[in-house]
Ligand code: GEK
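Encoded as structure tokens, the following chain is the form predicted on its own, with no partner shown.
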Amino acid sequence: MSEKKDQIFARALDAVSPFRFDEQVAQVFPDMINRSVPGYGLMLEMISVITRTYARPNTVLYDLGCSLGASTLAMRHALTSPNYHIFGIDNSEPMIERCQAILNRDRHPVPVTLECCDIESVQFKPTSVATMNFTLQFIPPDRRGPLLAAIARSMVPGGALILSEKLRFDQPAEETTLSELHLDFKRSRGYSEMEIAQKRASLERVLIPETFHAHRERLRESGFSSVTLWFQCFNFCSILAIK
């Protein structure tokens, strides 16, 4: 399955629709996220490192909002025995279908089960590692706490949640500086001003970022005892929360 270049917003649109993880996005998703999220490749590498540290045999690992399974594979390849089970969850059928095709080509003993459903409906099994890579930001803010609390309740002692998100900043100067640097990053990856503007309009009111402080307080209130910002590049970050 060859990767296609993201050209979804490369022509002028009469009306920009709200962003959806549909077949069109699924076809170009690897190119889209690598050209949109600075440091994404390094985050995936470190998900393997974190998984190797915190995964416990005979527990479940979750990739919540798995898209095409990049985090799923990072977790899977960190494990050296089959005494684990990974669940990849996504509510986009095109993503799940393509993810399954990718996993079918990956020969590894750790079993992976994909489910097409809303992550808020999951009945979590005893969990040692869960990832939410740029997933929580698409869930309405008032529903984020209950979801994180459900994940925390499922965690075995010492279990880890890897939460990657786009950030906003309380200080206007910081918000402006890091947002502009992110725009320069996308320009350096070949996106035109029209593509950047149209995608921003598409994501407005769909992707709702929060501050690191808001994430940290919610994670603590949800039942995680330790919350650490382990990665940040411009206005993108990844957080490690330990039960």
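All values reported here derive from a predicted model rather than from experimental measurement. In case it trips you up, residue 1 is the first one in the sequence shown, and so on.
One more form of this protein, predicted in complex with the named molecule, exists but is not displayed; see below.
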{"query": "The named molecule contact in the predicted bound form: Asn133, any heavy atom under 4.5 Å", "finding": "yes"}
{"query": "Ile139: touches the named molecule in the predicted bound form, heavy atom cutoff 4.5 angstroms", "finding": "yes"}
{"query": "Residue contact check: Ser154 to the named molecule in the predicted bound form, 4.5 Å heavy atom", "finding": "no"}
{"query": "4.5 Å heavy atom contact, Val60 to the named molecule in the predicted bound form", "finding": "no"}
{"query": "Interface segment, criterion being heavy atoms within 4.5 Å of the named molecule in the predicted bound form, picked from 169-177, 84-92, 155-163, 98-106", "finding": "84-92"}
{"query": "Option touching the named molecule, based on a heavy atom within 4.5 Å in the predicted bound form, out of Leu44, Ala201, Ile208, Val28", "finding": "Leu44"}
{"query": "Answer option from Phe9, Phe234, Phe21, Phe231, heavy atom within 4.5 Å of the named molecule in the predicted bound form", "finding": "Phe21"}
{"query": "Partner contacts in the predicted bound form for 61-81 (non-hydrogen atom within 4.5 angstroms of the named molecule)", "finding": "Asp63, Gly65, Cys66, Ser67, Ala70, Ser71"}
